[in-house]
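We begin with a single chain expressed as C-alpha cells, specifically the form predicted on its own.
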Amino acid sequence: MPPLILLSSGGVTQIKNAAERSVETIFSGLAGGVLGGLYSCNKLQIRNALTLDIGGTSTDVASIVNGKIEISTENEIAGHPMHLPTVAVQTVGAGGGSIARYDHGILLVGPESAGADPGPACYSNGGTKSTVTDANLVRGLLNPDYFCGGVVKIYPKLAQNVISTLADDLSFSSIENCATGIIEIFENNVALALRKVSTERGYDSRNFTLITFGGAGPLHGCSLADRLSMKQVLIPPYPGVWSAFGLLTADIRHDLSLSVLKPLNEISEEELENGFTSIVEQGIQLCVDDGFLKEDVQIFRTLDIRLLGQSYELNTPFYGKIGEISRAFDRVHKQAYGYSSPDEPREIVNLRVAAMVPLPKFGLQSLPEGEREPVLEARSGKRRVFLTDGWQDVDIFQKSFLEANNLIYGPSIIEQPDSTTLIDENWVAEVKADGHLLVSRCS
C-alpha cells in the first residue's frame, strides 16, 4: 500500500489525492488525537468521552458521542470560513509553554507561549518568563532527572527564580502558592474549552469519560475531571504520542458534497436520491482509484440543513423520508442550541457523502498479569509534592514496571518517558491489560 495522508475529517487518502486537495489536511494533526481517543473508547467499550490533548503551546478538546466522533462543516482559519468536513475540535492557547504574567495586578496565563525555543525557563535555553511547566516543576510534579525519559534536562532553580519574581510582583505569600495560582488559571482556561464541547452542546459531562493525553494531559486529568464533575479519566498507554498513534487507526475516506439550497418542503425524496447518486458514484470511484474494490466501500449520507434565514447550517443524518429528515434536524438543532423549532421552515444547503474503506487494525501488546499491589520494582521512591493541602510525600511509580490489574491510589505520580501522570487524592488508577490507565473517583 502506498503512503497515506491523514485528512481533517479523520480519514486517510493517498498522497496524490491530498496534494490535489491540500486544504482538506489543514486540521489533520488535531484529528489524529481524536482518532486516538476513539480507539481508547473502543478498547474499553466507552460510548461517551471528551478527548483532551494538552501539548506545549495549545490544548485541543473534542467529544465522542455514542461511540462516534463529531464532524463539523463550520470552521474558519484566521477569520476565513472553511466549509469542509472536519473533526469538531476546540483549540485554546493553553499548554506547558503558556506564559504566566501579571497585568494591572492580575495573574494571567496564556495564550502567549514560550514555545520550544526558548521554551520554559527551566529548559535553560534563554527563557526568562514563567510558564505552566515551570509551575509544575516548582510544585515537584515533574522529575528533573527523568523529563522526557531523562533525555531533556530541566533545572528547578531556574523555574523557582522566574516564579519567585512573579510571586513578588503579585504579593503571593510563597512561590508554591504562585505556582498553584498559575495552574489554577491554566486549568480554568482548559475547563472552559471542555465545556464548549460538552455542556454547551447539551451534554451532561458527568456521564462522560475524560480521555487525556499529550505530554501534559495526564498531569491535569483528575483535576479537570473534578471541575466538570466527571467520575472517570482514561489515560492511553503512550499519552505523549497518542495523536500519532491515532493516525494509524484511520480508514480510507473521501468526502464529497453537492450544493442544493432549496426549502425542505419543496424538494422531493426522488430529487434527494438522484442528487446523492451522483456524488456516491464519485466517492466509490475515488476509493477504487485508491486500489480498493467497489464492494469494500461504505457510504454514509448526510445533509446540511438550516432554519430559513439562519447563517449556519447543521449536519443532519439522512433517513430517506422528508418527515424523518425534518425530525432528525430538530434533534440536532436542540442538541446544538438547546431548543428546536418544528414549525419553522428549513432549507437544505448541501448533500454530503463520506465514502470509506475500513483498513486493517492492530492491537497493543498485552501487559503481564499482576496483582492489585504493584511489584516492588514499579516503585521508585517518594517525592515531595505541593498539592492542595501543602507539601506531601507521594509515591512515585514507573509505568514500564506496572502490570495488568495493578491499582495505584492517589496521591501518586506515574512516570514514563513521554508523559507524567498525577493521580490525585480520592482517585485510584487501574492498569488495564493493554496499558491504559482507568482512573476512577473513590468517593
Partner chain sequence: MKLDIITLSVIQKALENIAEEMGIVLRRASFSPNCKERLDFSCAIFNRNADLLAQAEHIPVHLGAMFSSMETILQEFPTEELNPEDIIILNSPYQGGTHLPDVTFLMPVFIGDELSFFVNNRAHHADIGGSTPGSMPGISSELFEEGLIIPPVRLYDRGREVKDVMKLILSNVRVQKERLGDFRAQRASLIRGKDRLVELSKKYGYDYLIKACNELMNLSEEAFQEQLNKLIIPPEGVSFHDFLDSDGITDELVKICVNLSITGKKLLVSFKGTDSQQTGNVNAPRSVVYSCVYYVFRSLTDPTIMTNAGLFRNIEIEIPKGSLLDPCPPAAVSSGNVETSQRLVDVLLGALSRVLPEIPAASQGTMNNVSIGGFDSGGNPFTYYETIGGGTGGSMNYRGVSGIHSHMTNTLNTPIEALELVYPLRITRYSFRDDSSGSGLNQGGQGLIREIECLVDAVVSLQTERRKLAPYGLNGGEDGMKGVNIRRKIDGKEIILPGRAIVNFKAGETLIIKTPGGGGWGKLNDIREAT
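All values derive from a computational prediction rather than experimental measurement. Residue numbers count along the first chain shown, from 1.
Only in words, not in the display: the form predicted in complex with the partner chain, which the text now covers.
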(request) Let me know the one among L192, V332, V241, I322 whose heavy atoms come within 4.5 Å of the partner chain in the predicted bound form, would you? (result) L192
(message) Give me the residue from F300, Y312, F292, Y155 that has a heavy atom within 4.5 Å of the partner chain in the predicted bound form.
(response) Y312
(message) Only one of these stretches, 362-370, 136-144, 338-346, 324-332, has heavy atoms within 4.5 Å of the partner chain in the predicted bound form; which one is it?
(response) 338-346
(request) Would you please decide whether F245 lies within 4.5 angstroms of the partner chain in the predicted bound form, comparing each non-hydrogen atom pair? (result) no
(request) Could you confirm whether T91 comes within 4.5 Å of the partner chain in the predicted bound form, counting heavy atoms only? (result) no
(message) Just checking whether R101 would be counted as a contact of the partner chain in the predicted bound form - the rule being heavy atoms within 4.5 angstroms.
(response) yes
(request) Although the partner chain is absent from this view, report whether E273 comes within 4.5 Å of it in the predicted bound form, heavy atoms only. (result) no
(request) Let me know which residues along 184-203 have a heavy atom within 4.5 Å of the partner chain in the predicted bound form, or say none if there are none. (result) E184, I185, N188, N189, L192, R195, K196, T199, E200
